[in-house]
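Below you will find one chain, with nothing else, as structure tokens; this is the form predicted alone, and questions on how it binds or moves follow later.
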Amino acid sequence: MEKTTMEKGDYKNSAVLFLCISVFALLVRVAVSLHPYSGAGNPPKYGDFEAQRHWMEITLGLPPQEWYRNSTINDLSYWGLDYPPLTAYQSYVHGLLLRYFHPDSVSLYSSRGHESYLGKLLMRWTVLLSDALIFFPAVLCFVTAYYSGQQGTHKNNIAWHTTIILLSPCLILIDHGHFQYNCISLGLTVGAIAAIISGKELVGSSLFCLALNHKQMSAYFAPAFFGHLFGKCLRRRNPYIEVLKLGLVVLGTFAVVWWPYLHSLNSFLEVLSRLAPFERGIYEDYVANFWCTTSIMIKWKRLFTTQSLKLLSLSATLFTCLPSVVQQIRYPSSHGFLYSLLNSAFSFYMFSFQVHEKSILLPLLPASLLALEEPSIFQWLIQFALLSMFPLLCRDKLVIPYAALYGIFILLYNAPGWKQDARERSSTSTAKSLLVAVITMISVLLHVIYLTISPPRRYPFLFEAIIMLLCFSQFIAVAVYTNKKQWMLSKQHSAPMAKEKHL
């Protein structure tokens, strides 16, 4: 009886603690949302804020069959929908909220470029609600699943880990500053991960399919999900039945989401063509990935056709994520699954077609889930993820929230009370510490230079290129380390694994 009472008390304390962290995380998001957004007051196309508002206008004013179709009613050259159907449904639901309180903000045709105070406030609240209803509960589910059954886990560690995930500065700056809804697809992904490590593979598969159907960039995680689930199926009593069950869940989820577009092949292809923007080229802007970084020396767009570049990027992406997938097929484990998610996302970020600065959010997600296991790697990755997005956030006039969130993260990372792995700290050599200090100083210096010095006229994007090169080098170093770490986990499973009994 005493043990049961204690368990109930622990549960209650944990719930109160999560609620307090969540309230603080939401207040931080509200503070960031008071600042400008992408394309504020910048006609004729404005920016991502206007794109999201325009999608609400389109989904409210037109039938689903017209949402992805170019016409005189729906000009796709002006922020046409280019995400899967679940994003369109989300836009419709959020549009209902705006139409109820402020119809002019989503009125078909006449609301283009709408920037009234109430309209902007309602748009900000749709992101906050999405975070509170999807991402936050998913994080709670993950933390509960991840630490359940672990003996001797310090409560301060759990609290620190939860705080680090919910207050990830990059996600807050992009969703609540720049303006997007990554919290939905990432929240669905976290929920899928939580379900899978809890042994609920069918639920996890369905949630991940929903994430894919919200943003196609969720495919960054697809190889890891495939490798882990397939590896677990092979160890069940009836592997063929297990694979069939997963396949039916995947097909069923996709069929439900895509139902309005399955009545004809033409409608299906219209949506599909909007999800693959190959006409934009293999890269845009200055993204810290392989194609953009090496374009300084190799002019990929001049030397190769788009078709050749598609094959090159696909081959490089699959080749680099293959070792991670194979490791999970051979030795599936919850721990290895998280590393596989990180490594797969890095492969896509580095080598896939048409990567954006904001895509670094995808490797950051599994890195945050591994933050207690790899605190130094997570801190390093956050530092250069922020730097890689700095030019974008400067254009959005988000320097103040950028600096504030950077400072909050440093304070949280160095907060007393949580126990960082002593082996990791003791293994740091003097030479490594010196190298880290030098690279950090260069990073700080680049921030100052970018804000205070104008680039040479002949090289207007010189500073962006230097930032890109530095960040790319650090992302590569992290990816090599995490791939190596994932394969080191195989030693723990080198003994023959007994097949699971199918329940």
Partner chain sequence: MPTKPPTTSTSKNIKDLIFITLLAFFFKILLIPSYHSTDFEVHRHWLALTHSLPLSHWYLDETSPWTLDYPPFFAHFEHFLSFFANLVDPIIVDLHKGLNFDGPSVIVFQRLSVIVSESVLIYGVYLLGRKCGFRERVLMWVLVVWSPGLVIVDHVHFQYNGFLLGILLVSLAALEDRNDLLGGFVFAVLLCFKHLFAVAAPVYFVYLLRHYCRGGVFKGFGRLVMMGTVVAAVFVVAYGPFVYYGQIQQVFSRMFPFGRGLCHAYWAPNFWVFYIILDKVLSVLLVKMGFDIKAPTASFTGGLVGDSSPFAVLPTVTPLATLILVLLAMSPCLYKAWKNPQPRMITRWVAYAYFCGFLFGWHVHEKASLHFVIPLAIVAVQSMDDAKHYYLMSIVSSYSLFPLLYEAQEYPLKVLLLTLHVILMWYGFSSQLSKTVVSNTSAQRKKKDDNYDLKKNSGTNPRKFTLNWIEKSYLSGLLLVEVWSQFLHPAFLGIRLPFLPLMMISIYCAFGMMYSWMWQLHWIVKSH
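Positions refer to the first chain, counted from 1. Just so you know, these numbers come straight off a predicted model, no measurement behind them.
The form predicted in complex with its partner chain is left out here; the points below concern that form.
Segments offered: 61 to 69, 464 to 472, 29 to 37, 435 to 443. Contacting its partner chain in the predicted bound form at heavy atom distances within 4.5 Å is 29 to 37. Looking at L489, you'd find every heavy atom of it more than 4.5 angstroms from its partner chain in the predicted bound form. The closest heavy atom approach of G247 to its partner chain in the predicted bound form falls outside 4.5 Å. At the 4.5 Å threshold, heavy atoms of R280 stay clear of its partner chain in the predicted bound form, well away from it. Its partner chain is not shown here, and in the predicted bound form it never comes within 4.5 Å of any heavy atom of P239.
With the partner removed from view, the residue among L97, L234, I408, V203 that has a non-hydrogen atom within 4.5 Å of its partner chain in the predicted bound form turns out to be I408.
Note on contacts: among L76, L269, L262, A415, the single residue with a heavy atom within 4.5 Å of its partner chain in the predicted bound form is A415. For the three marked residues, F24, L121 and N156, a heavy atom of each sits within 4.5 Å of its partner chain in the predicted bound form.
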